[in-house]
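Given next, in structure tokens, is a single chain: the form predicted on its own.
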Amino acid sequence: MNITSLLPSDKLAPAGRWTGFQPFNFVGGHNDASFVPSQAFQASVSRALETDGHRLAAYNLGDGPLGHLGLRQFIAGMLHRRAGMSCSEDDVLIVSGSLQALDLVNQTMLRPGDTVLIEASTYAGVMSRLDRMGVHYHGVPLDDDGMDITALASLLEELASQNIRPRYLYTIPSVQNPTGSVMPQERRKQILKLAQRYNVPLFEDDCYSDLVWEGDRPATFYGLADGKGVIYCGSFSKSLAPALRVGYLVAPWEVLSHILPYKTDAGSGALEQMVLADFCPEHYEDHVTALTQHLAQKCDIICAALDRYFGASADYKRPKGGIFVWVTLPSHVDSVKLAKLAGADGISINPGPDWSIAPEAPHQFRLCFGYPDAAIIEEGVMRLANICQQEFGVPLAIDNI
């Protein structure tokens, strides 16, 4: 029997076989392997199993569907200290990475034909999920400080004139993905006022906020609004290890109670939660401080390489945190074609149209520098510049690279 012939025609396209990372891997939210706190994790595993291993006999360790109580208490306290948020452990839902948070919010709030607002350049997974759900989305243009407040106000007014109220406004205000900007607090207040005026909830994705190295981390939308009209998600993927698949969704119970029924996996991985509950109170702050300093140095390396090999042909703003840089090339460069050519030379990049609906997206691309080491970054950028010169005639900063 050919099972594939029986599959409904509207199902997703089949996946390709995994063949491993390219030698010069500039995609994905991977961490620097040297900064995964493996030894501390090992000690936490031993302590957690010795103390609470018997609790693995019950779904959610007997702490209920929101997840590990001690970890939720740590998250609530951390968000109060680091993000100016006032929430309790009962406002925190442990999820399997922020992707599950995104899916849960979408399942709860959206239906085909609905409208949402996003940043014109944003996380690729957001757009693919909205497309899959048959949801309309409008992109708000960005400047160096995040969403353009004038453009947002105009868009909200235009939609209101058509009797369309967006179901939510999705934003990554701190270390915006892919641009790396950090939205100033005053602009956050202005956007919050607009959202409240038009009765549009905010969906705040704050996954990279612990990795800000330039300037102070502003208060979150959730904190500024005292939790009213804002749903917040965060993750340990970028600050600790993505393979842990531990994130968190924060909302008042009157909202969380509607989201929770869609979490039908019988709970996120309990052992991971036990380990983080042991590790984080003692180690998290010091670990994040050291990791952020290290990533700032790697950012300097990739920016220097872009300057060295592309010169004025590559336009970018040095990110204020995180693990990626958003690059704009001359308008005749097709970044989708560039990604294919680069892939043939062992270089993985994210082409602009996968991450943006802005007019300039076809000649933009994202480079992630968290995972590769300094030598890989240097040689990978050099090879990429060489491809751009050979295939698109992009003038380079130096001769004979």
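Just count from 1 along the sequence shown to find any residue number. For clarity, every value in this text was computed on a predicted model and none was experimentally measured.
There is also a form predicted in complex with another copy of the chain; it is not shown, and the following applies to it.
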| query | finding |
| --- | --- |
| Interface segment, criterion being heavy atoms within 4.5 Å of another copy of the chain in the predicted complex, picked from 251-259, 142-150, 280-288, 324-332 | 251-259 |
| Phe392: touches another copy of the chain in the predicted complex, heavy atom cutoff 4.5 angstroms | no |
| Partner proximity in the predicted complex: Ala58 to another copy of the chain, non-hydrogen atom cutoff 4.5 Å | yes |
| Contact test in the predicted complex: Arg167 vs another copy of the chain, heavy atoms, 4.5 Å | yes |
| Interface membership of Arg245, another copy of the chain in the predicted complex, 4.5 Å heavy atom rule | yes |
| One residue of Gln196, Thr115, Gln185, Thr292 in contact with another copy of the chain, assessed in the predicted complex (non-hydrogen atom, 4.5 angstroms) | Gln196 |
| The unique member of Val336, Ala358, Val36, Ile376 whose heavy atoms fall within 4.5 Å of another copy of the chain in the predicted complex | Val36 |
| Members of 21-43 lying within 4.5 angstroms of another copy of the chain, judged by heavy atom, in the predicted complex | Phe21, Gly29, His30, Asn31, Asp32, Ala33, Val36, Ser38, Phe41, Gln42 |
